Ligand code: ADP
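Only one chain is included here, represented as structure tokens and corresponding to the form predicted alone.
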Amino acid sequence: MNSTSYKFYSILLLILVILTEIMMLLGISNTASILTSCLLFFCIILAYRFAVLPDIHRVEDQLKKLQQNANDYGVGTRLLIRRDLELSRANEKLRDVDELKSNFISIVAHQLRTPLSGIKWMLDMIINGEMGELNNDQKTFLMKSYESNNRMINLVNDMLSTDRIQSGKVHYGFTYLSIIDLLDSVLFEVSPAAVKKNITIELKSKFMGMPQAYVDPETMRAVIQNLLENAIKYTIVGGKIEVDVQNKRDHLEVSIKDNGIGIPEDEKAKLFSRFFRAANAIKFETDGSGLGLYITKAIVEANRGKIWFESEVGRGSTFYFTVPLGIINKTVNKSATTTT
């Protein structure tokens, strides 16, 4: 109620009260009764006007607000449903594009691998003298061609492995095996590269009584091979690599430590990304696809393990990964993966 209305109704009520009192004092009962009735009626009107009507208006306002909110909610719900449909269609298109990309990479990579394997076979025959004797210059030239061809094959294999991992078409076959025996086998394979750079590979423990791990042998071999080859590749001539395996109750922790070039601090977060290579790694070793660690991480996680590293520029890196000792209660895929 505003101040003007309040004054007006107050004065009117006061006049009615005074008139009623005067009539009663003069003994004019009929007129006093009429004024009393008017006063009572006026009080009822005032109560309705200033007590009931505001509540009714407030209720009406609240009902209008609720109706507006309901309308807004309905509009918002329709917009959300429309946006959800749009996102679903966009996801379907992205899946179609991704499938086309995967098919293209798969076809191209397979088509490349066949002739590259043929070139490798022919170069191997020529270098071994099966097509006639070669002089030193010819043999050196052909050896460089052989190495370049081999790098191309490794790159194609990495592309195929990455495509299989991304598309979920890989299948992992788990079994119990000795990680120590697997390490010995891979060390035997990579030792010529270490000897060539005069790098010492040392086993920190005797690994006595080490339990068997529950992993996929083929892909776990690829993990160990990739990490050891990287350690050799990025360690300077005459360097040192330490390999260790620790029993952590429900899993084994494998570590491969080198005293190589290390990884810059601002590039560590990107190390397991596809096609990423640190700036100092590119300068030190120009060859590399940047897919090896991406594939390694995917394989370790598919084997229900974890992978991480510690590194300092100029002082080397240590890569750790874990493998479970118990059975994995999950159906996963397996693929033959080759890393560089």
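What you see is a predicted model; the values in this text were computed from it and never measured. In this text, residue numbers run from 1 along the sequence as written.
The next section is about a form of this same protein that is not shown, the form predicted in complex with this ligand.
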* Asked: Any idea which of 139-147, 175-183, 188-196, 225-233 reaches within 4.5 Å of this ligand in the predicted complex, heavy atoms considered?
  -> 225-233
* Asked: Are all three of 262, 277 and 293 close to this ligand in the predicted complex, meaning a heavy atom of each within 4.5 Å?
  -> yes
* Asked: Wondering, does residue 319 line up within 4.5 Å of this ligand in the predicted complex on heavy atoms?
  -> yes
* Could you tell me if residue 216 has a non-hydrogen atom within 4.5 Å of this ligand in the predicted complex? -> no
* To do: Considering only heavy atoms, tell me if residue 307 and this ligand come within 4.5 Å of each other in the predicted complex.
  => no
* Non-hydrogen atom contact residue 281 with this ligand in the predicted complex at 4.5 angstroms -> yes
